[in-house]
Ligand code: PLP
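Here you get one chain, nothing else, as C-alpha cells; it is the form predicted on its own.
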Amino acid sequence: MTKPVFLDFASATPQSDASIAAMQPYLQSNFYNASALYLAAKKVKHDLNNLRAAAAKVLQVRPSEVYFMAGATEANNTVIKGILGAYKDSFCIYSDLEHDSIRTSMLHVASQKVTVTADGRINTVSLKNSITDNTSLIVCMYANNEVGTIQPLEEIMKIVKKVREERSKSNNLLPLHVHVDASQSFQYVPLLPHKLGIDSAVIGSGKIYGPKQSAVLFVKAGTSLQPTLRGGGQEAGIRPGTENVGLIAGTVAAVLETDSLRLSESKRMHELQMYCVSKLQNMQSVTINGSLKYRLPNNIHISCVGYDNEIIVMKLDELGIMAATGSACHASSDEPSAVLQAMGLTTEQIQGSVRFTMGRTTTKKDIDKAVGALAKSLLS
C-alpha cells in the first residue's frame, strides 16, 4: 500500500525530532519537581528559567511575561475569565471566526459578537461601533483555523489605540485588553506582541510540531488577571500546579524550530498553495472560500456544491487522502460551521465544504494525489 497523504495539519502536527529530543532528559533522569530545594531540583528550575527566557527572546518580550499552560484552550479561557473577572460589569467583543474555546466561553460571560466580511475577516467598522465604555476585552484570532484568513490586527490596534487615548482623557481607568490566539498563524506570521500593541497571546504547541496539551502564553506586564485556578503559586499564580518541564522543553524547542523555518516554509507553502488552487479552479462544482490575499499559505478551503462533505472526506480517506470537514477542533458535532455561516455561505456551500491544510512533509506529488482523489470522489 502507498503511504496515505496527510492534509490536516491545522488540526494536528507530528512532533518533530528536535521537540522529542528536548523532552527526553526530563522524562526519567531529570524528573524532579522544580519547586524542591535539593540541588538536582534546582538544576531543573534553572533549566525552566532558561526555557522561559528562550521563548521570550523569540517573542521579544520579558521572560516574566511568558507563562506555560496546558494547551491553548486553557490559555484562552484563563485570559477571558481572568480579565472579565478582574473588571466587574465589563464585557468582551469577539466574532464567529474564533476557535471553539473562545466561542463557547462567550456563552458564560458578558459578550458582544461583531460581524465578519464575506472573505472571512473581522469587520473593523462593526468592531469599532461595538466598543463602549464597559468594553474590557477584545479577542481576535490572528488567523482563522478553518479558512486560514489572516485578521486585520494592525487596523484593529489603530482603533484600540484611539479608544485608549480617549479613555485616558476622560479618566476612564478600565483597560482595553486585546487577546490574540496565534496557534494557527505562528508558523507563517511572526508574533511580536509589544510591536503589535496586544496584551496577551497564545501559541498552541500541538499546532507547531510540539507536544499536545501544552502552550506558551504571553501576558503583558502589569495586566490584572484574576486567577481561575488555585494551587501552589507556580507560573506566578496564573497556572498553578507542578510544572511539566518535559512538555515545556518540547514546546520551546518547537517554538524555536518553527521560528527558524518560518521564511523558507512560508515560501514553499505558498508555491504549493497556488499550484493546488490553479488545479482546483479548473474543477466544476468547486469554489474556494476565504481571501486568497490575506490567507495562511498552507490553507486551502473549498466548497463542492451539491455534495456532502462527510461523504467526500470518507471517500478521500479510502483513496489515501486525510482531509477535514468543518472545524476539526469541534468534536462530534452536526452543527454547521459558525465560521462559514458568519461569512454568508449558503447551506449547500457549507454542506459541501472541505479543508486541506499542508505541512512540512507536503510535496507537489501529494497535491497531485489529493486533487486526483477529489476528482474521483466527486464523480463516484
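Counting begins at 1, following the sequence as shown. Just so it is clear, the structure is predicted and the values come from calculations on it, not from any experiment.
Another form exists, predicted in complex with this ligand; not displayed. Remarks below refer to it.
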Inset, instruction - Counting only non-hydrogen atoms, choose the one of 93-101, 130-138, 244-252, 300-308 that falls within 4.5 Å of this ligand in the model of the complex. - result: 93-101
Inset, instruction - Answer with yes or no whether residue 78 is in contact with this ligand in the model of the complex, where contact means some heavy atom within 4.5 Å. - result: no
Inset, instruction - Evaluate residue 72 for contact with this ligand in the model of the complex, applying a 4.5 angstroms cut-off between non-hydrogen atoms, and reply yes or no. - result: yes
Legend entry - Contact label in the model of the complex: residue 289 to this ligand, heavy atom within 4.5 Å: no
Inset, instruction - Would you please decide whether residue 258 lies within 4.5 angstroms of this ligand in the model of the complex, comparing each non-hydrogen atom pair? - result: no
Legend entry - in the model of the complex: members of 197-218 within 4.5 Å of this ligand, any heavy atom: 207
